[in-house]
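Taking the form predicted on its own, here's one chain by itself in structure tokens.
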Amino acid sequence: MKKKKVFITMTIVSLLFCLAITWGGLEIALAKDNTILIGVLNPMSGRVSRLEPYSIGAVKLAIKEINEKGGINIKGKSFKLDYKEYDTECRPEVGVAAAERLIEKDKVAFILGGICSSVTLAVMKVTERTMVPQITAVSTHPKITDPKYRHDYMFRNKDTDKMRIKYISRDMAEDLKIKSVALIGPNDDFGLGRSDAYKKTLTSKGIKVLETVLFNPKQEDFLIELQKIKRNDPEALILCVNAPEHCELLARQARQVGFKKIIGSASCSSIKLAKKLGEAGEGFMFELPFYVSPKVPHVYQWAKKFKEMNGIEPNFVSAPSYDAVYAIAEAIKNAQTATNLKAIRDAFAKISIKGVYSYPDFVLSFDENGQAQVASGIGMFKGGKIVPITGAYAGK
């Protein structure tokens, strides 16, 4: 009889343990040797692997700083942060397998990733099912934080296209005082989506959209289209493009037909392009989601530390990745648990910290859908350099 009671008791305890893990309600053994692991999913190989050093470099710097300051104090006990990184190859099935390994084998308290939206969308189903909090600092697909597809354990501190256009349009109306524009872009998903979003948002800001022109993505000469647009005399030309080669060709030929104000997408914001354009690039404007400027001292000092540690300049991947690690540490500290994933998730949803990415006033926080506001500004080529003219990095 005693054996039977012991067996029943053990069975009940085991069931409760399994349920507690599933519900995120029990302190499970995630913090081995007083170390809390963050899982990092990056494309370490494949078509966008060039971005991986900028992501992991930021993670390493943030963890180093947090640990040097004493780590995370939980109920009088100090915990160190560490990370475990796996390659996603920018393939959803590889990312899912890596996420499952991070959760089941490595017992991570949080997942940062992925970079590719297709990977993030696939992995967020895993993190929702297992109740492991996840944040992406790079993926822009609207579904990730769309309330229709909302997953309670998913967060993002990167702007969507819609959000970026919102802030850029505001700056065009309020700072640049632009009254009318024409749009030009490729006849593909990016060009169609971007031009449509701009048309709606600019109109709501009182800016007239006089014309929208879509071209063949393989096209290399735009003089006919640009001359036709110029006849309507728009004050500015907006390039709804995602390929650097389109930035160069359109900017050069738009100057030839007499456009003085040209605004490109973020893909046009490179010093390399400024050098290629030369005189034709002087005064060329573009979306600027990230920039290192002495006008913003805390970002400037952070960028110096990043370069000293990693040997490369930080970019638009580095800044939000760095902020994401600090947000995770802050949530764990506020939750006062290293292992209760639901408590960590709930604390993460309420965080408010100063970051280095271009959130309004550089304050990172999340809305009810797990989305952070990111206030992109406008930059300009001046003397062969990038100069922020609106937004947070312009010191405004």
Partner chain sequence: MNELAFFVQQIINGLSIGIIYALMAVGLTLIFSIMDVLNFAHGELFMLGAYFCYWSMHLIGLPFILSLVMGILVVACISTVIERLVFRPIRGNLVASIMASLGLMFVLQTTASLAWGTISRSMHSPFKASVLRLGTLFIPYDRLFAILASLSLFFGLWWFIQKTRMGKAMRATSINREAALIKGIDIDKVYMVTFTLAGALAASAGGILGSIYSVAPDMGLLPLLKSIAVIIVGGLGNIPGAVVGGCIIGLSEALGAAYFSANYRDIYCFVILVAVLLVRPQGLLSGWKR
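Positions refer to the first chain, counted from 1. Being a predicted model, the structure only gives us computed values, none of them experimental.
FYI, the form predicted in complex with the partner chain isn't displayed, but the following is about it.
Undergrad: Where, among 227-235, 306-314, 104-112, 165-173, do residues come within 4.5 Å of the partner chain in the model of the complex by heavy atom distance?
TA: Residues of 227-235 come within 4.5 Å of the partner.
Undergrad: Would residue 83 count as a contact of the partner chain in the model of the complex, using a 4.5 angstroms cut-off between non-hydrogen atoms?
TA: Residue-level check for residue 83: no, no contact with the partner chain.
Undergrad: Answer for residue 275 alone: is it within 4.5 Å of the partner chain in the model of the complex, judged on heavy atom distances?
TA: Yes - in the model of the complex, heavy atoms of residue 275 and the partner chain come within 4.5 Å of each other.
Undergrad: Going by a heavy atom distance of 4.5 Å, is residue 44 a contact of the partner chain in the model of the complex?
TA: So residue 44 counts as contacting the partner chain.
Undergrad: Although the partner chain is absent from this view, report whether residue 252 comes within 4.5 Å of it in the model of the complex, heavy atoms only.
TA: Taking the distances in the model of the complex, the answer for residue 252 is yes, it comes within 4.5 Å of the partner chain.
Undergrad: Select from the listed residues 291, 302, 215, 79 the one whose heavy atoms reach within 4.5 Å of the partner chain in the model of the complex.
TA: When the partner chain is considered in the model of the complex, the option within 4.5 Å is 215.
Undergrad: Sort through 258, 297, 206, 147 and report the residue having a heavy atom within 4.5 Å of the partner chain in the model of the complex.
TA: Of the candidates 258, 297, 206, 147, 258 is the one lying within 4.5 Å of the partner chain in the model of the complex.
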